[in-house]
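A lone chain, given as structure tokens: the form predicted on its own.
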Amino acid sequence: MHDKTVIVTGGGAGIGRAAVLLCADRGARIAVLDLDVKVAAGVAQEALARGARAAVGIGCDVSIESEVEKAVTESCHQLGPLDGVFANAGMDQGGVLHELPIDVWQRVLATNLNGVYFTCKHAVRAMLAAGRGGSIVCTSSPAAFVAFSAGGAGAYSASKGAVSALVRTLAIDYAQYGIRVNALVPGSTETRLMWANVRPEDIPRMRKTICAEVPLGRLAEPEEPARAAVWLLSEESSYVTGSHLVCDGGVLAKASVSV
């Protein structure tokens, strides 16, 4: 990762922030994209303190293509040709389908799916222009493969299933150009997104329940799936494309029945 230019969307918190700091430890040049430009700038300063060769914070709503295009252009202008992208920005807003307002459905897909589409589209254009390949990592979810037992995640699951399908297609389309495309599949992780649909007073009880259900017996810290993402971004995974790297504590390997 040394001296490589990397863009991280949703880089202001959670797994995205952890990935930024891990890239900084390896001497990368990093653009931190986040809805909140002040948060993005703060994480960029953290990255510089951790050893990043350069770092910038850029405000960006990934659901708006013009903002993504501008952010990718600005990142390349300030940091140099693009080598890696972690398309990680996402959201969740729950509800059972027959009660789910269309605006909620559209908002979740606009961020989780359109945001990945816009990010990959303009990242690929930048990588093709540079002519030296690259690595793109998109954040999927176990919800792309199985339903959450708590229910009410139709929009989120649909968005992540689409991301997984898109990753496989992009991997084939751009392999000839040396551009690798993979998905990270993080499980339950201690982030704000984890508790997006949970009342604050219910979080301790929910955390205890989840820890009892995850085979490894705990939630992940953000750095754990972030390390998997950084491996996919790096040349250590140079023969890996079109894959899903599952980092979920064993959830997808487990049958639902307890006997």
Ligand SMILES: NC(=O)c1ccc[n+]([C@@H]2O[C@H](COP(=O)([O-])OP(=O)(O)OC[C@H]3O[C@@H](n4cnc5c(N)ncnc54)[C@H](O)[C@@H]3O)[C@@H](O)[C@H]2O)c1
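Don't overthink the numbering: it's just position in the shown sequence, from 1. Everything quoted here is computed from the prediction, not taken from an experiment.
If you look for the form predicted in complex with this ligand, you will not find it shown, but the lines that follow are about it.
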- Message: If the criterion is a non-hydrogen atom within 4.5 angstroms, does every one of G14, T111 and L193 touch this ligand in the predicted complex?
- Response: yes
- Which one of these stretches, 57-65, 23-31, 199-207, 44-52, sits within 4.5 Å of this ligand in the predicted complex when only heavy atoms are counted? 57-65
- Which pick from P142, G94, P81, G178 sits with a heavy atom within 4.5 Å of this ligand in the predicted complex? P142
- Query: Even though this ligand is not shown here, does S157 get within 4.5 Å of it in the predicted complex, heavy atoms only?
  - Reply: no
- Message: in the predicted complex, is there a heavy atom of this ligand that lies within 4.5 Å of any heavy atom of G134, even though the partner is absent here?
- Response: no
- Counting only non-hydrogen atoms and a 4.5 angstroms cut-off, does A89 reach this ligand in the predicted complex? yes
- Message: Even though the partner isn't displayed, in the predicted complex is V37 close enough to this ligand, meaning a heavy atom within 4.5 Å?
- Response: no
